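Okay, here we've got a single chain as structure tokens, the form predicted on its own, with questions on binding and movement later.
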């Protein structure tokens, strides 16, 4: 039986189309997926992301533990509440999962990992935490809402006390803080401004209703996927996994090769770099009519590649994709769609940020 978030009954009441996503019953859409997409780009939308796993990591050796576990450098986390995005890698350099880590105190960090990998991630963390004496606490008591869009900060602030609203609006990008009993972070997966809110599960449905009453549109996984792809953000299991390393997944900026920091997978990444990377992740824009989809072949002079994520972009009104292609690929390539080849142009993601197209 699939898992359900504290908002499942509300999604049914709101008429959502429910689908299985990573073992969870989740809303795909409530009505028009394109309307939900535009609501986030132009106003504000709310997503149920309670299927994501919130994990507290506690202990005197929490920072050294994360230095070993995380390919990004938690040494960058100096200000309380600051967050950092990166990957956990296996010994071969493959991506176990991508996640966000928050620095709360020297003995308390918080991580948010993906829904479909939560059991694997918790086992991986506990396996490596044992020698550091770090406690791994799954916060199954918390629900998580993502309120995204240019109007999202103001809509969320209206639910808080006057002092809480001031503190929330003052949060910098990629910062999180406990405010009025909730943990609010200035993060998201849409390329828009907004908050992700961690709160007790019993409070999630009333808060959702309050946001709806304030004009925030209920949004499902369908719009979340088109938004994140326009923003050039990877999806675990599609754009990277344990068979791919972050350097060939457009995530080299999340790998910190600080001298002397022996994180898991470092030696494999150094060896891959020395040998010369054979593949890279790029953005594609279809030049012809059609829709780019995952697993379509990409033909280049240096060999074939494959689309990892593809969709029709509601903002650009064109088809876009992320694709893993030979490292030498550039310019125009061909994509096989239903037995025919179509021209596509390689571009650097993101395609859209803060509602503005970033490609011609």
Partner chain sequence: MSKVPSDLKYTRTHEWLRTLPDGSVQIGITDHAQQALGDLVFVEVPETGRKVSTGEPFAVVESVKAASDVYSPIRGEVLEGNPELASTPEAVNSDPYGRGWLARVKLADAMPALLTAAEYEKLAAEEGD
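Since this is a predicted model, take the numbers as computed values, not measurements. Numbering follows the first chain given and starts at 1.
Keep in mind that the form predicted in complex with its partner chain is not shown, yet the notes after this line are about it.
Though the partner is left out of this view, residue 234 does not reach within 4.5 Å of its partner chain in the model of the complex, counting heavy atoms only. In the model of the complex, at least one heavy atom of residue 293 sits within 4.5 Å of a heavy atom of its partner chain. Mapping the unseen interface onto this chain, residue 309 falls outside it, with no heavy atom inside 4.5 Å of its partner chain in the model of the complex.
In the model of the complex, at least one heavy atom of residue 33 sits within 4.5 Å of a heavy atom of its partner chain. Comment: 311-319 is the region of 46-54, 62-70, 311-319, 326-334 lying near its partner chain in the model of the complex, near meaning a non-hydrogen atom within 4.5 Å.
Contact check at 4.5 Å (heavy atoms) against its partner chain in the model of the complex: all three of 17, 28 and 338 pass. Of the residues given (226, 249, 117, 185), 226 alone sits with a heavy atom within 4.5 Å of its partner chain in the model of the complex. The contact with its partner chain in the model of the complex, taken as any heavy atom within 4.5 Å, belongs to 289 out of 127, 243, 154, 289. Counting a residue when any of its non-hydrogen atoms is within 4.5 Å of its partner chain in the model of the complex, there are no hits in 179-202.
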